[in-house]
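Only one chain is shown below, in C-alpha cells, and it's the form predicted alone.
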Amino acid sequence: MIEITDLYKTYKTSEGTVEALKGINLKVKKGEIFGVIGFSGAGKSSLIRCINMLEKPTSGSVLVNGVEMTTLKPKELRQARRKIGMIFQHFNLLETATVFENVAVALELSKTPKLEIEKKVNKLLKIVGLEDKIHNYPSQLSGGQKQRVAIARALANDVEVLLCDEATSALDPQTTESILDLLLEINKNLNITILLITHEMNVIKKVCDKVAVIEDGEIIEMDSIVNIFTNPQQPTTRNFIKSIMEEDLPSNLIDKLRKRDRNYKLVRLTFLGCSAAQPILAKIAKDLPLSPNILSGNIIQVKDETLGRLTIELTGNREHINQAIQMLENVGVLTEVIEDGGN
C-alpha cells in the first residue's frame, strides 16, 4: 500500500543545509496501522508530509497503492491526494464554517452532487459520533470533537490511506483514548490503512501493528509492536518503552542485595499472551527449594496482546536457580538475567 525507498529530504536554511531524512525505507501493508515514533526534530513530520507530497522529497521513491507520487504532475497529484486523507495536531478546521460545512469541503472541491454530499456527510458524522453537532461551529466543540470532525473530513473522499500527524498530541489522556478507539474502528470497519507519527509510546502500544523508530532522520529500528516491546534493540527504543513500563530498580535496593552473602540472580521476565496467566512462579516455589522474590512488575495491553513484566530475585543453589530459569523459558516466558551476584 505504501512503499518508501531511499527517501531523502534536505532543507536549505540561512544557517546551512539540514538533512531531515537520510535514506528512509519502509513498507506499510494494506489494512495495517503503522506507527512512526521519534523525539522532536527526528524527522517524523517531514516523513509523513513526503507521502502526500506536502513536502517534495529531495530524492527517493514514494509509492502509494502502486502510484509513484514523486513523478506526478499537479493535476495528477491532486487526483491522487483524494485517496489520501490527513489529520493534524491542531485540527485545521474552518472556524466560520459549521461541522457539516467543514466535512463537506473536500466533497465540494471534487464536485460531488449536493444530495450525495448531504448523504455522505451525515453518514460520516454518524461514524465519528457527531451527528448531533451538525450545525455547530468549531468554537462550540471540545478538542476531541474537533478532531472527530477532522477525521470525518479526511474520510470524505472514500480514502484508502489515512495519515495522522501527531493527531492526539493536543488532547488530554481520556480524549486521546477515545480518538484512538475511533481510529481502530475505522481501520477495522473500513479497512483503511493508517500511518501515524507520534512521540507518545502509549499511542503506539494501543493501536499499531508495526512501528518504526526514527532518530536524526534515520530509522534505527523497525518491527512488529509485540517484538519491539519484548525485545527492543536500540537505547532510544528502550527509553520510549520505559516511559510507560519502568524497568529499573532503585539503586538502594540493588546495593542491599549485593551486600548479602549468598548466591542470587536478578531476572527480568516478560510474559506474553497465555503465559501471562500461568502461575509459574508458584510452581517454581513448590517444585524447587527457592522462593522467588518479586521486586517490581506491571502489565499492559499491547494492541491485542497482554504483556506483563516482572523483575524477580532468585536466591539459593545455582543449579536450582538455573532450573527455575529453564522452567520459565519452557512455558514461553522471556528471561533476561540483569545481575548475577553472590559467591
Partner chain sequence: MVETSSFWDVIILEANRIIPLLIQATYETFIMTFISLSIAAIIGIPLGVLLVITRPNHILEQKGVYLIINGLINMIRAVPFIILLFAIIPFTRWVAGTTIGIRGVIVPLVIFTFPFIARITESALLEVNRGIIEAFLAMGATPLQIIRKVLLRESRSTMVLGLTMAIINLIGASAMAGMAGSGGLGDLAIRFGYQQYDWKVMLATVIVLIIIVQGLQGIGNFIANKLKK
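Residue numbers count along the first chain shown, from 1. What you see is a predicted model, and the numbers here were worked out from it, not measured in a lab.
Beyond what is shown, the protein has a form predicted in complex with the partner chain; the following relates to that form.
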Thinking of 40, 50 and 56 as the candidate spot, does the partner chain come within 4.5 Å of a heavy atom on all of them in the model of the complex? no
Non-hydrogen atom contact residue 111 with the partner chain in the model of the complex at 4.5 angstroms: yes
So in the model of the complex, does residue 81 come within 4.5 Å of the partner chain, heavy atom to heavy atom? yes
Is there a heavy atom of residue 134 no more than 4.5 Å from a heavy atom of the partner chain in the model of the complex? no
At the 4.5 Å heavy atom threshold, is residue 116 in contact with the partner chain in the model of the complex? no
Given the stretches 83 to 91, 185 to 193, 121 to 129, 262 to 270, which is the single one in contact with the partner chain in the model of the complex, using a heavy atom cutoff of 4.5 Å? 83 to 91
Note: exactly one of 244, 105, 72, 249 sits with a heavy atom within 4.5 Å of the partner chain in the model of the complex, namely 105
With the partner chain left out of view, choose which of 101, 223, 216, 181 has a non-hydrogen atom within 4.5 angstroms of it in the model of the complex. 101
Using a 4.5 Å heavy atom cutoff, which residues in 12 to 34 contact the partner chain in the model of the complex? It's fine if the answer is none. none
